[in-house]
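Have a look below at one chain only, the form predicted alone, in C-alpha cells format.
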C-alpha cells in the first residue's frame, strides 16, 4: 500500500441542523443518533436482527445473524429466505401506497410518464413471466444494457423476482467493455434497447451488443430481449432476438416471487480496479436490501410525501441502491431521468425540480461544478431564476465535494435552508457508510461527517493502528455490515487481497486516504491506489493503459490523474509510439485517434483529457515507471523530488508538453 496523504484541516464553518427538520426527522437529534450507535456497539447481533425483522418481509425467518466462520467471506441472515422484488413491490399492494405514483419518468425530450406501485408491480410480473417462459431460472446471470427508463427498473426487478442475478452495464460503455462483462459473469441473457437518447442524440445500444458478440466468448447467450426505445434500425437474429413488448404481450400480471436464500447473489456490478481487469462486485439479497432501505430512511429522512430524485444512472451502484431498490422498498415517489443536466440548457435540473416539486435531490459534485460554471456565465440558467422552495434535502454522491462547491450548492440550490448531505460510500459497501443525518448532524463543508449507526470506521496506518486526529491514514471499516460486498465474482483471492489485506487486522480497506478532525468528523482526501475518479466514475489506470497499448501505433503508455475543477479528476496519458515523435498537426491528429480508440475500447468517460508524447517514460533503472513524477508533470508543476534513481531524468521536460 502506498502512503496516505497528510494535510492540515482548516475548515471551521459549522451548520447546525434546521429546527423544522429535527422536529420531524426519522432520527431526531444527536442523542437519538448516539443511542442507535450505542445499541449497535453493545449488541451488534441484536441490533441488526431487530432492524432486519422490522424492515424486511421474510419467507423463511432467519435464526443466524452474522456468520464469521469463514471471514472475510461474511454471511448475514444466512438461514433465512426472502425475495427482494416482493420487498420492493408486493408489500405495498395492500396499503395506500399501491395507488401512489412510484416513478415519474422524464425522457430526454421532456415527455413525462407516471406509473403507480400497482402498475409497476404488474409490469414487473409481465416481464418476469416472459423471461420465465423462455426457460430462465434462479441463479442464471443476465446482462442489462438499457437507457435510464421505467423499463430498466422493470428489468432489474423482474430478474430479482425470479432469482436471476443481474449485472447492469452502463449504456455509455463500449462493446469491448460489454464483452468483458458478458464473458466474466457467464451471462445467458442480455436485455437491451435499440438505442438510447441523451442530449438530443440517439446512441446505439443493440448494435454494441451485436459487436460484443462478434468479439467471441458469448456463446452461452440464448436470448437478447430488446426494448424498442427509438425505433432505430437494428440488425436482427431470428430465434435469439426478441422484442420486449412482444414477450410481455398476453402475460399474466401476477408472478409468484421466488424465495431465495438471504445470501443468494442479487447482482454483480463491475467496478474498476488498479490491476486492469474490472472487478465483479457481488452483493447478497437480504443484506444489500436491508442496507439500501435503512440508509434511504436515515440519510434521506424518507417521508411518504417526498418527491425524491437521484440523478444517477442505473449502470452505477448509486442507481441500484438509490433508484431501483432503496426508494421502492421505502414506498417513495421518485423521478427517473433519461437525459443530461445541460440539455436543452443548463437549467434542466432546476426547471425539473420546480415543475415536479422535488423535495429530496441527490446528484454528483461534477454536475454541481459544471452547473455552477454555467450559472455564473449565464444568468438565465442560474438556480435563483427557478422556484426551488419544495426542496428540503440536497445531497452529493460519487466523490468528495470541495467546500466551495458545497457552499454554492447550499446557498444557490438549497436556499440556505436545506442540509447538504455529503455521502461517502462505494460500490462495495452497498450504501452510505459515512454521511450526515438531516435532523441530527451538524455540517462542515467538505466533510462527510460521521459514520452511520452500526458502521465502525477509522483512519489507520499501514499496521492497522488508529492515527491521531488531523493525520492522514487509510480509511478502514472495522466491523462487518449487512450491505457489504461478499466477494469478487469468480476471484475470491482478489477479494481478500483487495479489501482485507492481512496487515490491517481483518479491517475492510476502502482504498481511500482520510483524516478525522478533533470532533471525529471524516474528511476524504482521495484514492490511495491507481484508480481515478472521473465525474464520480471509477476508472482503473491499467484499464486505460491497456486500451492505449492495444492501439497499433502505441508501444507503451502510462496514465495518471490530475485535479480538474469540473470532473474532479482528468485522465492524463503519457504515450510512447512505435515510430518517431510526432510534431504539430500530426501530433494533434494521432492524439485524437487515441482518444477515440479509448472511447471505443472502454467508453467516452475514459477519454484522456491530455495526451503527452515522449520518446520513453520516466523509469528507474529496474524498469519501474515513476508515476508519482508523472502526476507532478500532469499538474504542470515543477519536479522538485529526487530524480537520481531515474534512468532518463531529461524525459520529464519532453513529457511536460501537452497536445
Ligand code: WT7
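Residue numbers count along the first chain shown, from 1. Just so we're clear, the structure is a prediction, and the values are computed from it rather than from any experiment.
The following text describes the form predicted in complex with the named molecule, which does not appear among the structures shown.
The contact residue chosen from 360, 193, 397, 284 relative to the named molecule in the predicted bound form is 397, the criterion being a non-hydrogen atom within 4.5 angstroms. This chain appears without its partner; in the predicted bound form, the one residue of 318, 334, 83, 567 with a heavy atom within 4.5 Å of the named molecule is 318.
Contact check for residue 426: a heavy atom falls within 4.5 Å of the named molecule in the predicted bound form. Remark: residue 422 counts among the residues lining the named molecule in the predicted bound form, judged by a heavy atom distance of 4.5 Å or less. Shown alone here, residue 439 lies farther than 4.5 Å from the named molecule in the predicted bound form, counting heavy atoms only. Contact check for residue 484: every heavy atom lies farther than 4.5 Å from the named molecule in the predicted bound form. When contacts are defined as a non-hydrogen atom within 4.5 Å, none of 116, 121 and 253 contacts the named molecule in the predicted bound form. Annotated contact segment (heavy atom within 4.5 Å of the named molecule in the predicted bound form): 398-406, selected among 350-358, 398-406, 136-144, 544-552.
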